[in-house]
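Shown next as structure tokens: one chain only, the form predicted alone.
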Amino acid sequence: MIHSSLLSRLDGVFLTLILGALVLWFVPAGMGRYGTYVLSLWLVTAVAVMGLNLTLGVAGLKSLAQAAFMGIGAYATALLTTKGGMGWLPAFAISGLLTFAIGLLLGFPALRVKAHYLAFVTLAFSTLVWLVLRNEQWLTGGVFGLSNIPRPTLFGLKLDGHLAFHRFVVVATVLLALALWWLIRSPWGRAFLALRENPVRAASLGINIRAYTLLAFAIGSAYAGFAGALYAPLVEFIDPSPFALSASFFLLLMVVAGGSGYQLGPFVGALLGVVLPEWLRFTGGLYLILFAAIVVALLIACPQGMLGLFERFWNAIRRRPMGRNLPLREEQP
């Protein structure tokens, strides 16, 4: 018999992640190569948005460098697997550790500056990374990029096919999402929540505000590195353009549109940012205008994002306060 405390932890977020993984495992079987690629790109983007959601939704830090961290992870994986002869799994781990370490170094200014000043620091870092990727041709290939990036081979199983690699991305995304789900429910996660809700009270309880703020920023950066490590073999060719400053703004938009502070928000936000434009392509040249209009209307109607709108709707149906089942917000006892 399963212990009741374990059952209490298997909330709606956990069940949604598992059910969603099962659906995404089988859905692309009848789709073409491009449709499967779009679904994989959605999941990879969601991983990067998860990290930014942790940084913004928990620590309250406005980072404009998430795409830069994603670029560092993508180029590190590409270089290690193409020129270094390393397997994808150790390259994936190194990419995460590298972006985590850089996040720690870059996060130190976050302990001294507030609000828009941190945005300026990350903006400068994002511009610096893009210039390095573009101009240091001896290392990154410059505007010509890096090509022939191999896809993973795990336990003797080659993942070259689009369906096999998509299922691999599904597994990797769910594992990263569950790791974040566990983190938020761990003592560290409780400290993050206390820091977000009331820093003064958190400090009075003995929580090291600076250390936990820095840790949240570094973990969010590492998730961008993990996303880059998945993105490189997905597209099999990378150049600096997907990691420009505008991409960081777009990732920030996905956090807000999906619902900042909700753990399922990154999936909804990435769905709006990656899949919705593809659905609107039947309109021809108008699809970008329609996409922008939909996003603006959403943000005006519900600044809390899609999941915030759903929560308001659900509360209206139940006619009583709903227990917040999305873990980046403090749960009711």
Partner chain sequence: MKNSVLAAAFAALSVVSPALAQEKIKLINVVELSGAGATAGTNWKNGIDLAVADINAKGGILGRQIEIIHYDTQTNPGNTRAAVQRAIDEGTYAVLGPVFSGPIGASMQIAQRAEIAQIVGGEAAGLTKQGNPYIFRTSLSQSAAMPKIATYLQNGVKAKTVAVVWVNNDFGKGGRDSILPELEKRGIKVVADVSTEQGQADFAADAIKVKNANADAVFVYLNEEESARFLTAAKQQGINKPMVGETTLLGAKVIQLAGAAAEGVKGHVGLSIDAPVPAFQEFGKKFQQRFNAISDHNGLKGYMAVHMVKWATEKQKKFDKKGLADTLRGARITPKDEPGIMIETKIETNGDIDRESFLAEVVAGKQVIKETLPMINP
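Positions refer to the first chain, counted from 1. Bear in mind the structure is a predicted one, so any value in this text is a computation, not a measurement.
The same protein also has a form predicted in complex with its partner chain, omitted here; what follows describes it.
- The partner is absent here, but in the predicted bound form a heavy atom of Tyr231, alone among Tyr262, Trp88, Tyr231, Phe217, sits within 4.5 Å of its partner chain.
- The contact with its partner chain in the predicted bound form, taken as any heavy atom within 4.5 Å, belongs to Val143 out of Leu154, Val171, Leu97, Val143.
- Taking non-hydrogen atoms only, Ser241 approaches its partner chain to within 4.5 angstroms in the predicted bound form.
- Heavy atoms of Tyr37 reach within 4.5 Å of its partner chain in the predicted bound form, making it an interface residue.
- Residue contact with its partner chain in the predicted bound form: Leu288 places a heavy atom within 4.5 Å of it.
- Taking the partner from elsewhere, Arg167 is found to have every heavy atom lying beyond 4.5 Å of its partner chain in the predicted bound form.
- Heavy atoms within 4.5 Å of its partner chain in the predicted bound form belong, among the stretches 233-241, 88-96, 172-180, 75-83, to residues of 233-241.
- Residues of 59-90 that come within 4.5 Å of its partner chain in the predicted bound form, judged by any heavy atom, do not exist; none qualify.
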